[in-house]
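Let's start with one chain on its own, the form predicted on its own, as structure tokens.
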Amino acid sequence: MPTPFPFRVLIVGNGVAGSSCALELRRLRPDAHITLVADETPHHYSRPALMYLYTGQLRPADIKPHADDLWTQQRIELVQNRAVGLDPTARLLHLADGPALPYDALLLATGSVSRRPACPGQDLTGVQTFYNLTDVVQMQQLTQGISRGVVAGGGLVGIELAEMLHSRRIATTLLIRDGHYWAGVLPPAEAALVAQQLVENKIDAHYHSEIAEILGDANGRVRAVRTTAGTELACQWVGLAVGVQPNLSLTAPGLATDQGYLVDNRLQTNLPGVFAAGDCAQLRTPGAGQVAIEQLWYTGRAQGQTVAHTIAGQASDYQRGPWFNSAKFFHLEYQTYGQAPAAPDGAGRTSAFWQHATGRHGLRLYFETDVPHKLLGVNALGLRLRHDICDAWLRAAAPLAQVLAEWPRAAFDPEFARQHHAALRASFAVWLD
């Protein structure tokens, strides 16, 4: 990397990847001139917490991980503008307004954009996606005083939108394309626990169903949706939650892309001095157990910190470690670790599932079929687990006997919560014979 003084670094996007890179780079290179280019908000905020703004459980200030004057304190320049083009030969970033910005190193941290289903009627008032802070404001306005909403999408955002509507006593229908909730991620037993939450909270779930058409009234406002099953559902608001895709709106001559910006293991694109991290980055050669595009908060942070080291001249490969994710389906908490596929893939791997009689707690352990049954992954529902313990088990390929013997160490339940250690050990004991 060229290192003139001052060393000029541009970061496009102040989400978790961009802000993590900026802060880590400031620590590593006190002399660098770091500029954040962002057209959304002047501060970094937590996207996973957006639903709680709508439900009233959090205030706008509560979703900010840092003080508003962080960039000033860290001598990081904020340019609130939209990046519209990149000249890799002259090393210039072009903006929607104002002069182009020169750079020695450039990080693309442009995040994701919402997908939209292929159906007519999406331009009607009352139809929207949900990804950023602007979407929260729009949803607050569009759902004011309505009685019915329809959410299309059987994933994390879909159930969040259903819970948000439920918090305001808006009757909600959830359209799920597959035969059970989040079929590409959850096995049927886990999905059944989520389905129970939908029933208890009076969410009308339609399986094997998608939006075929969104219907409007004479004023251009949504009045109903017609599903692929031929059902017409009256509503005044429609939430489209069919996933996200990398935001590739910033392009450059010769910049290699596929679904995302293609990067090597050090998160460098094919253009000199240009990197990508977070939701928009696609690994050319993912490591074992990795996927090419990792759109999670903690992977965005890790990628931002990794690329900061490379930009600062301390090049290192991105190493995610064991997979981890967590969510909350109404009152049911969910954690997953390691290799936890929705369906068995054979190849010397299997799983076993324990479920409490109430249907409010479930645990699936994935492990090798050969003795000593090394742990491969975990799905936990209604059971809080300690991340450091599960992560250590997976990194060490701990045998099932060790995992069950040490299980009380992994429990992170609040005081006076019921424990299930004995039942868990009894359920999985057949694999210890």
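Model, not experiment: these values are computed from the prediction. Don't overthink the numbering: it's just position in the shown sequence, from 1.
Note that the form predicted in complex with a small molecule isn't included here; everything after this is about it.
- For the chain shown alone, residue 39 is a contact residue for the small molecule in the predicted complex, at least one non-hydrogen atom being within 4.5 angstroms.
- Under a 4.5 angstroms non-hydrogen atom cutoff, the small molecule in the predicted complex has residue 48 among its neighbouring residues.
- Remark: residue 130 counts among the residues lining the small molecule in the predicted complex, judged by a heavy atom distance of 4.5 Å or less.
- Taking the partner from the other structure, the small molecule in the predicted complex has a heavy atom within 4.5 Å of a heavy atom of residue 111.
- With the partner left out here, the small molecule still marks one of 170-178, 336-344, 277-285, 223-231 in the predicted complex; by a 4.5 Å heavy atom cut-off that stretch is 277-285.
- Between the options 296, 78, 212, 255, the residue in contact with the small molecule in the predicted complex by a heavy atom within 4.5 angstroms is 296.
- Though the small molecule is absent from this view, in the predicted complex it lies within 4.5 Å of a heavy atom of just one residue from 139, 302, 157, 86, which is 157.
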